[in-house]
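Taken one at a time, structure 1 and structure 2 that follow are two forms of one protein chain, written as structure tokens.
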Structure 1
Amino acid sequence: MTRGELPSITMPTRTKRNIAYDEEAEVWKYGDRERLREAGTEKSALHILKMAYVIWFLKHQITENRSSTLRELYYISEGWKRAKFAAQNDSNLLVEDLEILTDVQREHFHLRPEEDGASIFGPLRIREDTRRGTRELHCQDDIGESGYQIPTNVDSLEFVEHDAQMVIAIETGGMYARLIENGFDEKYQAILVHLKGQPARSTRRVLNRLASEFQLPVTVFTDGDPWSYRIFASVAYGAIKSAHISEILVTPSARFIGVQPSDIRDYDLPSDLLTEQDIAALKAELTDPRFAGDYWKEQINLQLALNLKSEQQAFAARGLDFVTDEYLPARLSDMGVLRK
């Protein structure tokens, strides 16, 4: 500005059209389209002013070893006069912009989401750096029956050692508790991770690290409906919102274990009719590059023909042990995760 130049920022365009598959990293990332923001208009000038305020706040926060939630950051901007955010969505997006510009995750700015991390249960020893000192815990022996709760900053966690053959990520709490009760983690040396629906960043980071640090196979076990397939896709391919940090959040080796539409047919599972929204979502998935392979085409078309969806807990109709004694071992053998 003192040189008489307009301050400006150049950023990748953050739209679906600017997402491309990175063959080498096996994840979806931003492409080459860029957007220049110059402080020549009031709108862009205010945007850059807000960014300067946020950077100032984050610098303070890091220096003082404090942290805050994304919601608190939004409220803190109340005191910034014209740099005040109108809605939390704006401050969240700005933080994502900063991640893209700096190539540093928001967790390292000491920003937390409201959302809860999920839980882990299985043959894994972790070490967590907390403000009250270091805690070393074994995720079967040193924790309660609900498992070890993943902290928001997974990088404060060290995976010390494990005795596992596989990782299973599970959508619902009911199924997660079922596998624990049935001792699936012990019998099959499985680390169980509860996704809690659409997984939080911290949960996806945990799966990424378990897969890459220990070279463990990761399978994803969800309900059998289009929304759950998206949960799988966000684990295995990532999401537009976080395409800039795909490499650390995504588990490209993750595979879908079920509920498959063919399971609904083969096991005659209790099911519900597809709604209009379900059908529209399935059709959208047929053109989504993340579901481009033959496997998904076949399954999704089968589901549209059946006009049915089932939940993972529907296996209970065949008895409480069916899922752990029959279904999962059969699928894991088919997928080559379990060797007979």
Structure 2
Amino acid sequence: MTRGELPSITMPTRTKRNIAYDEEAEVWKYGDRERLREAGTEKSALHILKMAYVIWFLKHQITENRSSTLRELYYISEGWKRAKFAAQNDSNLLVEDLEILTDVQREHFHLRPEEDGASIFGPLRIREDTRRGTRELHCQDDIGESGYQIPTNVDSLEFVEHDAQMVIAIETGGMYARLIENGFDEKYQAILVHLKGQPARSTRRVLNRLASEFQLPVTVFTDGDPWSYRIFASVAYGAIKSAHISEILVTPSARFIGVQPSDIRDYDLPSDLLTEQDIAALKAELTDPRFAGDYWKEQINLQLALNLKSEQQAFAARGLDFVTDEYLPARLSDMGVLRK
């Protein structure tokens, strides 16, 4: 500005059209498309002003060794006059912009999400650095059946040892509890991870580390609908909004275990008709490069033909033990995950 030049920033275009597959890293990253935001208009100038305020706030937060939530950051901006945010999504997006510009994760800005983390249950021993010192615990023997809650900053965890053959990431709390109650973790030496719906970044980071540090096979068990397929995609392929840190969040080796559209047909599962939104989402996935493989094309087209969707809990129609005694062992064996 002192040189008479307009402040500007250049950012990757954060859209589906600007993600490209990195063959070496086996993850989806942002491509070459960029957008220039130059303070030549009021809208762009305000964006850069807000960014300056956020940087100022984060600098003081780090210096004082304090932390805050994304929600708190949004409310703190109320005192920034014209730089305040109109909605939390705006402040969240700006924090993601800063991650891209700095190549630093928001957790190292001492920012954390508002919601509770997901949880782990299974034959895994961890060591965690906390404000009260270091603690070590076993994720079966030393915790209750709700599991060990994953912290926001997974880099504070050390995975000490394990006695596992696999990792199963599970969308719903009901199915997570079913597998624990039925002793699936013990019988099959499985580390169970509750995704809690669309998984938080910390949850995806845990799956990434379990796969890379222990070379454990990871499978993802969700409902049979287009929104759940996107949950799997965020684990295995990456999410568009976090493509800048795909290498530490994505588990390229993760495989989808169900509920498959073919399961709805083959097991005659209780189901609901697809809504207009479901159909539109499925058709959108057929054009999504992350679902470009033959498997997904076949399954999505089958679901459109069936016009049905089904939940994980639908397996209970065949008995409470069916999913743990028959479905999962059969699927895991077919996939070569379960050793016979």
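None of the values given here were measured: they were computed from a predicted structure. Please note that residue numbering is based on structure 1, beginning with 1 at the start of its sequence. We call the rigid core whatever largest set of C-alpha positions still superposes within 1.5 Å between the two forms.
Between the two isolated copies of the chain, the first is the form predicted in complex with another copy of the chain.
With the core held fixed, the Cα of N89 is displaced between the two structures by 2 Å or more. Here Q299 does not count as shifted, since its C-alpha moves by less than 2 Å between the two structures after the core is aligned. Core-superposed comparison between the two structures: the C-alpha position of S8 differs by no less than 2 Å.
Superposed on the rigid core, the forms differ at L49: its CA is offset by 4.9 Å between the two structures. Core fit done between the two structures; CA of T63 shifted by 3.5 Å.
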